[in-house]
Structures are given as C-alpha cells and as structure tokens.
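Take a look at this single chain, the form predicted alone, given in structure tokens.
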C-alpha cells in the first residue's frame, strides 16, 4: 500500500516537472520568436554599423534559426514586404542572402509570397498586391527569381488589357502594378530579356494611347494647366517610365544594398515563379479609382539648394511614393510621422521640405476623397514646423501664397479643405499672417473665390477662437469679410415685435419653461395659438405658428452654450416630435432654428446633428430645407455643405448598422436551423431570433434603404432644378452662365457624387433613367458622365 502511494507521489512529481518543462519551452519559443520579429523589422534603421554588415549578421542569425523557426521567419518577411515597403530593398537583399545559403528556404518564401499575392487579388487588397508585385521584381535583382518567370507574370497582367467587357479601372490597375515595379527591375529585364521586355512595353503603350479619360476633369484640383499640368496618374507614370527607358533604366534614387553582395548572390540558384493568372472579373469587385497627380512646385520655386526632380523624372515618383509610405505607416502618430519624414534617406540630395509639403497637400486635396483626416495633415505639418523651425514655416507660407494665387481655378472641394487647414494652421501661430498682401480680395465680388476663401477661413478661425480675437487679427479693410458676432436672435424680444402673431403666447411660454414646467404643460400653452394654414380646404399638414413660438423660445432659453441647447432639446423632445410629425413640420422647425441662429453656423451644424440623432427630423427634411428659398443667401457657404454631408453620412451609418444587425440575425437563425436539422440542441443563452423577428428586421432595413435612395434622389433633383433655372435665365437674358454662383453650385454637385461615390454607384441606373437623362442641359449631364466614367 505504502509502495503504491510512493509510486503515485513520484508520478505526480514527474508530471509537474514535465508540465514546468513544457511551459518553460513554450515561453522560450515565444521569446525567440519575438526576438526574431524585432531583429527583422528593425533592420535598416539607424545603427552604428553599416547596413551591409547588419544584413550579413542578421542573415547568419536567421540561417541558424531556420531548422526550428523557418515558418515564422518566412511569415515575418512576407509581412515586412507589405507593411514596410520603404525598406523593400533591405528585405529583398536579406531574402537573397538566405536563398544563397538555403535554396529550399528561398523556394518556400517565394511560394508563400505568391500565395499571398493571389489572396490579395481575390480579396481586393490591391495596394498590398501591388507592393508584392514590386517586391517580386526586386527579388530578380537579388537572384532569387528568374527574370523570365517575372516577365511571364507581367505579360499575364498586361493581357488583362485585351479582355472584353471589363471596366477600364481593372486593366488600369494591372498595368499600373507592372509600371510601378519597373524602376526596380527594369534594368535587369533590359539586360537579360530585352526582346520580350520591349514587346511588353509596346503593348502597354498601345493600351495607354487608347484609354478614355472622361473622368479626368472631375479629379483635377485645378481646372487650368498653368503653371503645372494636372496629369492623370497612368499617363504621368508612363511618361516617367519612358524617360527611365531613355536613360537605359538607370535611376538615382533607389538604395540597392544587394549590390554589395553581388559575389555571393550571383552564385545562388534561382526559382521560377508559378503561373500567376489574374482572377477573372466580376461586377462586385471594387478596383482602385483613378487619380490625378498633384503638382504644386517645380525647380523655379525652390530658391536654393538641390533642385526638385522634373515632373516626368522617375525620381519624382520614387520620392513621392516613399514619402507616402512613411505617412501611411505613421499617420496615427503625428510626432512619429514628422520625425520619420525628416529622416528620409538621401534627404541631402533633394529639397526635402518642399517635397514633403507637396506630398502632404497632395493627400489633403486628393479627389474623390482624401485618404486621411484633415486634422492629421494639419497636425503633422505643425510638428514638422516644430522640428524644422528655420525652414518648414517658410515653405508652408510660400505654399499658402501659391495656393491662394491659384484659387480662381481651384475646385470648390479643395478650396474648402484649404480653408479648413489654413484656419487650423493660423490658430497655432496666433492668427498672424501678412493679410495686407491679400487686401485686393476685399474690392471684388464677395462670391469670387479669393474673398470667399478668406471669409470661410475667418469663419473657421472663429470656431477655434472668439470673435474679438479674430476681429483684431485682421486689418480694418477686411471688416466686410469678418463674420458677424454669433448670437441668438429671439424675434419676440426684438424692437417692433408687438405686431408678431403669437407674441403673448411666446412670453407666457418663456415664463412657464423657466418655472421648470413639464412638456405636457407647454402643449397646453401652445394649444391656444390659431393655425395660419387653417383657411386651406384640406387638413393642415402642420402648425407653423406653434412650431415658430416653441422652437424660437426653446432655443433662446438654451442659447448660453451647446450643452444648454442639448439639455433643452432632450427635455422637450416629445413636444418637438409632436409638432414636427411630418416632413413639412420638420422643414418649418429647421427654418425657425435658422432664424434664431443665422449668425452662428457652427451652432446650426451641431443642432441639426442633434435633431437628426434624436430623430426629431428626417434626413430628407434636412436636404429639402437646405435647398429651400430661405437658405438661398447661405447656399454657397461651407457650413451648408457640412450639414449636407453630415446628413448623408448619418443616413449611411444607420443603413450599415441595420444591415449588420439583419445579417447577423439571419446567420444565427440559419445556424440554429442547421443544428436542429442535424438533431443537435442549441443553448437558450444564444438568443436566437425567430423567423418573424428576422423578417421584421429585414423589412425595417428595406425601408431605411429606400429612404437613403430617396435622399439622393431629392438632392440630385434639387440640384438639377436650380442649375437648369440658372442656365435658362442666363440664356434668356443673353448673359454668361459662368458666374461665381454657378461655379460653387455645379462643383458642389460634383462633390456630392465624389464624396459619396460608393453609395451613389448603387443607384447609378436609377439616376440615369429618372434624373440624368439626355434631355437635361449638357453642362449638368457632363458632371454625371464624368462620375460614371470613374468605374467604367
């Protein structure tokens, strides 16, 4: 008995020892894997040793770890190929050195990278796929991949241009993926496969010469090509590649550490890429949209130091792409982003401040939409000014002056983004600016781009400061462009208010609300007001006088701050919903809000958002209100379009939320049915919805989707009406239709298409058949056709 107990005791001790040993081994494995990840991801950063010696050392370390950690090492390197593209040649060299030491490793790495490429193409991660294509190209330089097999892949990509019934954006992307890899691998292909390479380039040339470019006017920042041409991205890329070809495929920008290891790499065996066929096209695929290359500076704008590369020099593209990758990697941390940009390799050979500035503004002004928030661009530029106080503020001031001078031909969307950035920038420099240089804008039509820009900048500055501060910041000559001091207007307290209907009720309501009445008590006070629409034969749709008295009084009492206004709306939300139970009532409510807060655009933006969130007003009511005659004086002001886009976005998010909920509920129900069919039980805790509940959710979703569709139909129909009226009036009066008002409105129409392109494309056929028909004015129809061409 005692013997058995001893054996059991020994057994328990052995189990415990074994468990501790496994735990230790697991912990050691994790530590080693973390160390490998750190070593690989940090190679190429600042170091006391040379890059070549670091690569050689790292290759030896990884080679020793290959027997136990090969899969992990391959996975880390594949991640670095996509996530750290600015260090591409460092990683291709590392892979080349490992391939020279271990041929099987090289084969497995290429196999995994190709598998990732195919997966990226299937899942529509096109930018990541393009970076892998570029990486594969650079592996040819490191003797990992045979040049012929890479050329075969390029041929397969370019053959997409010969497919029938595909959108141009599909073939554009495959051609662009090949072109952007050529700065890295072009020389190697030229030396080893010249005949086949030339055939590929001829095919690309034929394709680019036949492309349609209807979409280009919609994507240009400026309508004029003076002083810098606004080129479509593929045209510009092809011009740069042709220049590179004329220079025998030799460029001066790419760091190529593998050249130092030529004697080692040339002995390595090469791998052949498997056949890579682009996935066949289907209508659901969302290819990257075309862009227009942003140009703000040329060599004449840089006063001293290194010259900026020409617009068709491949170095210009390589520098811009590298800077863009740095921004993408660090865009969530402004300080890291600024420091990384200023640590750019070869920074002494280029005017770095100018090129950073151009790339940052290129992202800010990118159409159809900017890839980053405006505040990211603004805050990063501030950090750059802090790090480079002697040069960057001067470059930004020069850029602001140049942009201001070109405002007359700048797109409305870009003028607004410029105004938002400039106001934010000024707020960080005590609103100090050489305003006197812009004084001529105070002597022209206030709807012209320059005075309009200055007025909008001052409105934005007001949001970041206070009225007296902004009034004092600009010269007296700018007084006409300084916004009026924002304050609520309670018309029932104005001089001469005695003639207003509902005056006595308004004063009584004021006292009742001040005495902390209930919502029901306010309705009793409002009940005595007569309805001015009661004379109509039909039942009145709403009660404008009650809405007027109640909304004016409520907003007047909450005028002290945003919080006070929110509290007032929240307390009396039931009254607001009762008074504005249909669209006419909601529009009336919004008109009254405008009457109270017409001098405070930010308050109107915030209150409209609150009314939408609390479902007091519908999105369609907001759209109709903004296009109403009451809003005509403010129709070209930026805040109106801030409200419009916010309304569309709110509707979009609501639809997305309901789509997700309905989809999840349907999936849960289907899974439960499958379990039941298999004879399995499911837990009551799963909260599986019933068929009836799912159907109700789907019905609600369909209703909201129809509301979204109706919202866009309302917006585009109202645009067509006001623009058609303007064009007809100008024609009848024999005057030029190209007025400042027309510029703002036609470009706002274009902005709605571009800013919400993913949503609008869902309704493209409806819009084409109902609104943008062949019988509307060609100037309006052209905007629609340019939009359609984005994905055609």
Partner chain sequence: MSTTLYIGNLSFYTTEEQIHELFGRCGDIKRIIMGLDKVRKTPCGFCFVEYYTRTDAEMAMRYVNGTRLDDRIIRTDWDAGFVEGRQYGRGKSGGQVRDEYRTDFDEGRMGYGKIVSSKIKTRESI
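None of these values were measured; they are calculated from a predicted model. Positions refer to the first chain, counted from 1.
Beyond what is shown, the protein has a form predicted together with its partner chain; the following relates to that form.
The candidate stretches are 194-202, 316-324, 560-568, 251-259, and the one lying within 4.5 Å of its partner chain in the model of the complex by heavy atoms is 560-568. Note on the partner interface in the model of the complex: the residue among 582, 247, 472, 428 having a heavy atom within 4.5 angstroms of its partner chain is 428. Think of it this way: in the model of the complex, its partner chain has a heavy atom of just one of 268, 631, 668, 606 within 4.5 Å, and the residue is 606. When its partner chain is considered in the model of the complex, residue 613 lines it closely, a heavy atom lying within 4.5 Å.
Remark: residue 424 counts among the residues lining its partner chain in the model of the complex, judged by a heavy atom distance of 4.5 Å or less.
Of the heavy atoms in residue 688, none are within 4.5 Å of its partner chain in the model of the complex. When its partner chain is considered in the model of the complex, residue 620 lies well away from it, no heavy atom lying within 4.5 Å.
Within 4.5 angstroms of its partner chain in the model of the complex, the stretch 737-766 places no non-hydrogen atom at all.
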